[in-house]
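Shown next as structure tokens: one chain only, the form predicted on its own.
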Amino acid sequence: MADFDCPEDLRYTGDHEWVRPEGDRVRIGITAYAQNALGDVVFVSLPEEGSVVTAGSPCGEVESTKSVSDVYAPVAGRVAARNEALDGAPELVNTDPYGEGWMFEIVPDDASAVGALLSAADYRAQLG
């Protein structure tokens, strides 16, 4: 499992989301491992800009040819942006999960919560 890309500069959740701090907000997507397990992504449902999310709670969905999976908020806060490109090109989640396939951005209630998430090494260890 360790052959899946896990960039060292990101933080991770046990539910396979990645988090990249960007100024006063964090950008969120699903990991290479998660998109591979899902298969071809055909639809992405994201939280609305301005909505409040709770850490660990579902706030979106990824639909693939295999299944539908929840996307969980890795930290509590307010949604500051959503990746509108996924409306017309959900396959970006498969082709570039850490880049153009990002999902949404949150202004966290507590910026230090990001540091409590898994490191790349911890996430790889969890994968086995």
Partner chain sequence: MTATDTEQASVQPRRTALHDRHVALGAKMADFGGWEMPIEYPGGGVLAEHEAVRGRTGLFDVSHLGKLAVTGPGAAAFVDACLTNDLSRIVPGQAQYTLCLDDASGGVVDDLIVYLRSDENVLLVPNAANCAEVARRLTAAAPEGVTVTDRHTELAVLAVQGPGADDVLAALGLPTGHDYMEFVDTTWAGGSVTCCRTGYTGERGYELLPAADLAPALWDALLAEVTARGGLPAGLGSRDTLRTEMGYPLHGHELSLGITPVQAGTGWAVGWRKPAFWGREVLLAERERGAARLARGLLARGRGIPRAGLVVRDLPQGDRPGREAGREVGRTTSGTFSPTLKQGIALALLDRSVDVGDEVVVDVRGRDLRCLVVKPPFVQVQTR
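Positions refer to the first chain, counted from 1. Keep in mind the model is a prediction, meaning the values are calculated, not measured.
The form predicted together with its partner chain exists for this protein as well; it is not shown, and the discussion that follows is about that form.
With the partner omitted from this view, the residue of 65, 95, 54, 51 that lies near its partner chain in the model of the complex is 65 [heavy atom within 4.5 Å].
No residue of the trio 8, 26 and 122 has any heavy atom within 4.5 Å of its partner chain in the model of the complex. Under a 4.5 angstroms non-hydrogen atom cutoff, its partner chain in the model of the complex has residue 69 among its neighbouring residues.
Among heavy atoms of residue 39, some come within 4.5 Å of its partner chain in the model of the complex. Of the heavy atoms in residue 75, none are within 4.5 Å of its partner chain in the model of the complex. Among heavy atoms of residue 100, none comes within 4.5 Å of its partner chain in the model of the complex. Heavy atoms closer than or equal to 4.5 Å to its partner chain in the model of the complex belong, across 11-32, to the residues 15, 16, 17, 30, ordered by sequence position.
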